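Read the single chain below, which is given as structure tokens and is the form predicted alone.
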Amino acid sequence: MDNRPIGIFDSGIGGISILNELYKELNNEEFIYLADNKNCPYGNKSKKIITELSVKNCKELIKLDCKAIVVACNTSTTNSIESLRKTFNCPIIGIEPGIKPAILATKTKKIGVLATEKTLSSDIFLKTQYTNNKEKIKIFEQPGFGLVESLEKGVEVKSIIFKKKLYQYLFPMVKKNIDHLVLGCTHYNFLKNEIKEIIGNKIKIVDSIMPVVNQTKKVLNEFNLNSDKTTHGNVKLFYNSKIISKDFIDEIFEIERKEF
């Protein structure tokens, strides 16, 4: 048993979509979340810089005595997870590209992927696509230009800004007859309702939330790291920019600005 906190990081608020589910499922665990919103977005940076930022975040979480680290960022996972696992001794859980279950489940043999530029061009994403796509399923990729930045600025999700961008990115894929849409960025989880309005109910949205939660549970069991507390754990959320959008942050989470 281990009562130290679980560390989580993302380039900003996107990983809170994963934190919320972890907090619900592992309710006796303590969590520390780093929102590296000073350097957000990661999706337009080089692999080298993404890795350097990810290493920096892991060092900070280890300094804060975290027993395991969840990389709640698709861009960071796909570009730096191998380096992180070589650098640090604690268990590190990343985000598996949702493209694999979509490829296995599609009936129309056409799927769409909405992700950041760096996720789409990463070795892990391309390898996952190549390894699993034996039936030559058509995969339509679309970078979500500007979506992360707008969410970080606190733009209302029902605003015309998101409606226009999402329609521009998604409607061409809908016309291609996709039956699965993979969300390749944790920030996009907050736009699910707006996405559904455009793509309809016949297209299934594939996100990474529950696979990450299940993998975290598995890792805690495997390394005997479960907390034995009988009370509900706390969440401390640190951010390093001047401000942070609180639209998706639970009121009971402790929020503090911190240099890291």
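From 1 onward, residues are counted along the sequence shown. This one's a predicted model, so the numbers in the text were calculated from it and none came from an experiment.
Keep in mind the form predicted in complex with a small molecule is missing from the figure; the text below concerns it.
Contact annotation: of the candidates Ile99, Val148, Ile178, Ile93, the single residue with a non-hydrogen atom within 4.5 angstroms of the small molecule in the model of the complex is Val148.
Listed residues Cys40, Val212, Leu53, Ile32 were compared with the small molecule in the model of the complex; Cys40 is the one with a heavy atom within 4.5 Å. Stretch 186-194 is the contacting one of 130-138, 103-111, 186-194, 156-164, since its residues have non-hydrogen atoms within 4.5 Å of the small molecule in the model of the complex. Residue contact check for Ser80: none of its heavy atoms lie within 4.5 Å of the small molecule in the model of the complex. The small molecule in the model of the complex is not approached by Ser122, whose heavy atoms all lie more than 4.5 angstroms from it.
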